[in-house]
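Just the one chain here, laid out as structure tokens, in the form predicted alone.
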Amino acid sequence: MIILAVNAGSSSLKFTGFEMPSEDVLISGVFERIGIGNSFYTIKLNGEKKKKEVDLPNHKVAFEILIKELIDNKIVESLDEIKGVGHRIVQGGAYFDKTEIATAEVIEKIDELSSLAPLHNPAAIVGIKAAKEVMPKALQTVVFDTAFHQTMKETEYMYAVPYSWYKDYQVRKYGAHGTSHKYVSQRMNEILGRYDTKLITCHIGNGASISAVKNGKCVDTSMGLTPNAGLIMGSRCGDMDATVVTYVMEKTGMSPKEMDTILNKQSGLLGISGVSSDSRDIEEGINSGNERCKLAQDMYVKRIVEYISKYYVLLEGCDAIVFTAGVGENSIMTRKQILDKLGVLGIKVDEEANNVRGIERKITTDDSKIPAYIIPTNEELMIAKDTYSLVLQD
């Protein structure tokens, strides 16, 4: 059975085709600059990448080209072989705690939540409608980044602001990266061979979040109403005194939109270092003696350590720490710095084991009181697995 996992942006469409239940990747790629000219797409097939320039006026055309590629490359003989299409949705609010079939009612709720994810939810709806037009017989599902975090209690997801803000404007913590946290926590449980576990999962990339997961369910997560909460990120500030916002706005006359741009796109590693939002550039800066890069990295690591420590206490212990996403999977230095600072918990880094990038493995010594692992995330596979399950039930 063939399942497509897709992620539609306002001018892009990422896709991965899986054979299920074997989970073999058949094709992957991305359509770019949809509707804005000079468009093209890249596909990866049998380990080979190809880039093709093509007119992409809308997402429907992108899906039509994708189907043509599937047929031309003999991945499918007809549309009927594609049984499901899983769509990534950033914001599901408090409505959705699991993957759902993309009914008209569900799509209406996704649209209703667009104010909480204005760049993502509307684009996803465009993708869903386009996929339904091109593949009307395939089951369309929606997989929410926020769903995994809906098991949090009120004490974790509420803010200490007027309660009416929660009732009237849905102001609360929703979290993000839920599909990734769900995938790596499930994989960690498989490795440990048990499911009554206390895990701290660290999705550390340009955007970053940490989750406390007990017995497979999220207890707390670092991102909030929006992704700009918790950790210091590539260009996001993360946690800070909220009054900084009103203070600087009064001093400068800055508009809310201007402030939002600075906090999301000009802060974090970029804002502190003045060099880059990319962790690799920060490491290069440190190696060349750039003190602001060193400051940025030290603050970055400190915040991650603080959240891991907080969740260790919240969970009353920890069976494993997981590193995933771009930095978590690939930054040898960052992982070592984090784990060294957690030495008070009896954690010991295995320097040789940690000297890898993007490989699943344990990176602590056998006598470390808490094991730490690298587990490469696979959100696309998680989307495909959830969609496959719903296809079987349909």
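A residue's number is simply how far along the shown sequence it sits, counting from 1. Bear in mind the structure is a predicted one, so any value in this text is a computation, not a measurement.
Quick note: we don't show the form predicted in complex with adenosine monophosphate (AMP), though the next part is all about it.
Heavy atoms within 4.5 Å of adenosine monophosphate (AMP) in the model of the complex: does Arg357 have any?
Although adenosine monophosphate (AMP) is absent here, Arg357 would touch it in the model of the complex, with heavy atoms inside 4.5 Å.
Report whether the minimum heavy atom distance between Leu342 and adenosine monophosphate (AMP) in the model of the complex is within 4.5 Å.
Flag for Leu342 set to no.
Is there any non-hydrogen atom of Leu56 lying within 4.5 Å of adenosine monophosphate (AMP) in the model of the complex?
Outside the cut-off, so no.
Using a 4.5 Å heavy atom cut-off, state whether Asn73 contacts adenosine monophosphate (AMP) in the model of the complex.
No, Asn73 stays farther than 4.5 Å from adenosine monophosphate (AMP) in the model of the complex.
If you check Gln170, Gln266, Ser114, Asn206 against adenosine monophosphate (AMP) in the model of the complex, which one has a heavy atom within 4.5 Å?
Selected option: Asn206.
Of Gln140, Ser222, Ser279, Thr179, which one comes within 4.5 Å of adenosine monophosphate (AMP) in the model of the complex, counting heavy atoms only?
Going through each option in turn, the one that passes is Ser279.
Just one stretch in 59-67, 346-354, 35-43, 328-336 has heavy atoms within 4.5 Å of adenosine monophosphate (AMP) in the model of the complex, so which one is it?
Of the stretches listed, the one contacting the partner is 328-336.
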